[in-house]
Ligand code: NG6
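Next up: just one chain, as structure tokens, the form predicted alone.
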């Protein structure tokens, strides 16, 4: 009898120990980051002309936000902020050329680096666009510093954007498939090699392009910049979804027993939009709409992999976009002509590049089975807050100089609270600030650039101060700057404090 009791106690201890391990295992985190996806571009946010069943399913099981924001109205600044927890202006982060040195310094503390220190395996798959190397990069040698030097264990990237050379994948430190006897040369200053360009051979193009996008032709698409060599390493745009999803799901499979962080960074729906043939015609809006359908499929494939491996209930999935939408951004793909009744910016004014709301107010869905409940949340928060919030989730206390602008908004992000961010900075080609329903846009000096108008986007830039109450003026049409002086001065002061202080988080 004594032996039986001892045995039962032993079994019970093993069971309790196993339960304790299950309870304390840190959750996997998947950040799905779409490029140029507007507030109104998916079904659960009102899309017309394209169906997004996978994202609609996520929204029907998770938290769908109506007032979440990327950190800036363009891609490089937003990507910098989401990975560093720092406002982009602190490092003068702007849209980078394809041969730019790395923007995140090796000493900078990052979200993946923080997770790495806390036992996570980390990966980026997809678009990078934060610079590589230290200048004068040789694409035929080890390419570093890059993602591996700023906190990622694995990296499979499009170095900059699909419309920039070199048109190759970089896995960890090397160009994929590069042959030594066919080295790559890249220049953004002058033509190199003998490859045709969009200006010299427009008959070779899948899509006509503006002058900026009419340099070297790869895969029937003319790009920004010139390249020669590396032919066996050239990507095929139509294969982006298969290649990137394959790499992402392989990382998930390899790390199913470990806590992992996957930053899945889409090229879709950035130009050039060249969807895989299986998605051509899936929308009524041409390549842009078809790319949205493709993006939805990719998201579904990642969720399916989590479910297949039975790790979905221990995985926090955050789906969002890097900035607002743009239709015509350098290539003629009928995005404007085939738009129909679809409203890519939803009810908001502006889009990518713009200081108006559609520049940074983007679709965001948070999904975590049996942890997050179905909810539509109107709470205000920023992607810069993900760093601090995720640190709080895993029980890590930030160092004093870490993630200087990242608030702990975990309960809001998980839908357990409706608390707003106290103030929200909106970066574009000027600065804006939100406090509740009130928004201030700072003026610009000199002439107001008009190139955004050529893209069909209202810039939001003005020589005059702008003040809006979004509660009754969601389209920012009624400027109250000369009427509500007290509110104007209060927001100007808060913006001044943000710009003058080294950190804003408490």
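Numbering follows the first chain given and starts at 1. Just so we're clear, the structure is a prediction, and the values are computed from it rather than from any experiment.
One more form of this protein, predicted in complex with the ligand, exists but is not displayed; see below.
Asks: Just to confirm, with a 4.5 Å cut-off on non-hydrogen atoms, which of 323, 84, 354, 222 contacts the ligand in the model of the complex?
Replies: After the contact test, the surviving option is 323.
Asks: Quick one: of 121, 144, 343, 213, which gets a non-hydrogen atom within 4.5 angstroms of the ligand in the model of the complex?
Replies: The option sitting close enough to the partner is 213.
Asks: Report the stretch among 280-288, 371-379, 124-132, 225-233 that approaches the ligand in the model of the complex to within 4.5 Å, counting heavy atoms only.
Replies: Stretch 124-132 is the one.
Asks: Does residue 75 reach the ligand in the model of the complex if we count a contact as any heavy atom within 4.5 Å?
Replies: Because a heavy atom of residue 75 falls inside 4.5 Å of the ligand in the model of the complex, the answer is yes.
Asks: Please determine whether residue 271 contacts the ligand in the model of the complex, using a 4.5 Å cut-off between heavy atoms.
Replies: Contact check for residue 271: yes, within 4.5 Å of the ligand in the model of the complex.
Asks: I'd like to know if residue 41 sits close to the ligand in the model of the complex, meaning any non-hydrogen atom pair within 4.5 angstroms.
Replies: No, residue 41 is distant from the partner.
Asks: So in the model of the complex, does any heavy atom of residue 51 sit within 4.5 Å of the ligand?
Replies: Contact check for residue 51: no, nothing within 4.5 Å of the ligand in the model of the complex.
Asks: Candidate spot 385, 398 and 504, all three in 4.5 Å heavy atom range of the ligand in the model of the complex?
Replies: Negative, none of the three is within 4.5 Å.
Asks: Taking only heavy atoms into account, state which residues of 149-167 are within 4.5 Å of the ligand in the model of the complex, ordered by sequence.
Replies: If the 4.5 Å heavy-atom criterion is applied to the ligand in the model of the complex, 149-167 yields 161, 163, 164.
Asks: Given that the shift is 3 Å or more, do the Cα atoms of residue 450 and residue 481 end up closer or farther apart in the model of the complex than in this form?
Replies: Residues separate in the model of the complex, at least 3 Å farther apart.
Asks: If the CA atoms of residue 434 and residue 450 move by 3 Å or more in the model of the complex, do they move toward each other or away, so closer or farther than here?
Replies: Relative to this form, farther apart in the model of the complex.
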